[in-house]
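The form predicted on its own is given below as one chain in structure tokens.
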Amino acid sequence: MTAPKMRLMHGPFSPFVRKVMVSAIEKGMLDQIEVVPTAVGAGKTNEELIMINPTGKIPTLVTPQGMAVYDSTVIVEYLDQVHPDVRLIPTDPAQRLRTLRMNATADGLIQAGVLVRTELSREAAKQWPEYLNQQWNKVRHCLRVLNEDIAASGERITLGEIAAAAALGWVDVRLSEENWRAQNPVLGQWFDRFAKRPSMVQSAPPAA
């Protein structure tokens, strides 16, 4: 009898979903996960999703026992519990802190970037320049810190590096006007290498 699979509520353009997908592939767990296309968007509620995840967000993972696990970082923590032989969140306290901090920086990069993109979508006369500058400042400082972290990380692969790669892939598409590689050359070179990994290629969003 085939063991029941985990179910992942999935959207191909979400960098947070991609973080989970890359993690699952790197851990060799993709065959244990059923990918469920799930529509979410501003201004509309996915009623089926919100019944299992009160935040109404993806990614959401449903375990074989029927428990909903949500937030990309929490999902990866769960995957580490299921398959601890390949850990992406280290157990060593110093390494764990480093990994989670890098993950938080990458998430902050996406969150500030989304606010930039949202503000730029308004008519120019309705944009709030000070607010826009504030969010761009956050984007650039997150990139600066990731550049420093990657310079010190070597070629290790933890949730921190995976989160950084997922965020940078999103930035390349959604904030293409930002020439971030020029100011962060170590990060740019690292990402161009990391983006060739099978996990990144397999999880890449469809071409627009």
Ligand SMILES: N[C@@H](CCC(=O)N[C@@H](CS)C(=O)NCC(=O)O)C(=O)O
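Quick note: we count residues from 1 along the sequence shown, nothing fancier. None of the values given here were measured: they were computed from a predicted structure.
Heads up, the form predicted in complex with this ligand isn't pictured, but that's what we're talking about next.
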Partner absent here, but in the predicted complex, which of 115-123, 68-76, 129-137, 86-94 has residues with a heavy atom within 4.5 Å of this ligand? 68-76
With the cut-off set at 4.5 Å between non-hydrogen atoms, does residue 190 touch this ligand in the predicted complex? no
Please determine whether residue 143 contacts this ligand in the predicted complex, using a 4.5 Å cut-off between heavy atoms. no
Partner contact for residue 64 in the predicted complex: this ligand, 4.5 angstroms, heavy atom: no
State yes or no: in the predicted complex, is some non-hydrogen atom of residue 40 no more than 4.5 angstroms from a non-hydrogen atom of this ligand? yes
Residue (of 168, 150, 58, 159) lying close to this ligand in the predicted complex, criterion heavy atoms within 4.5 Å: 58
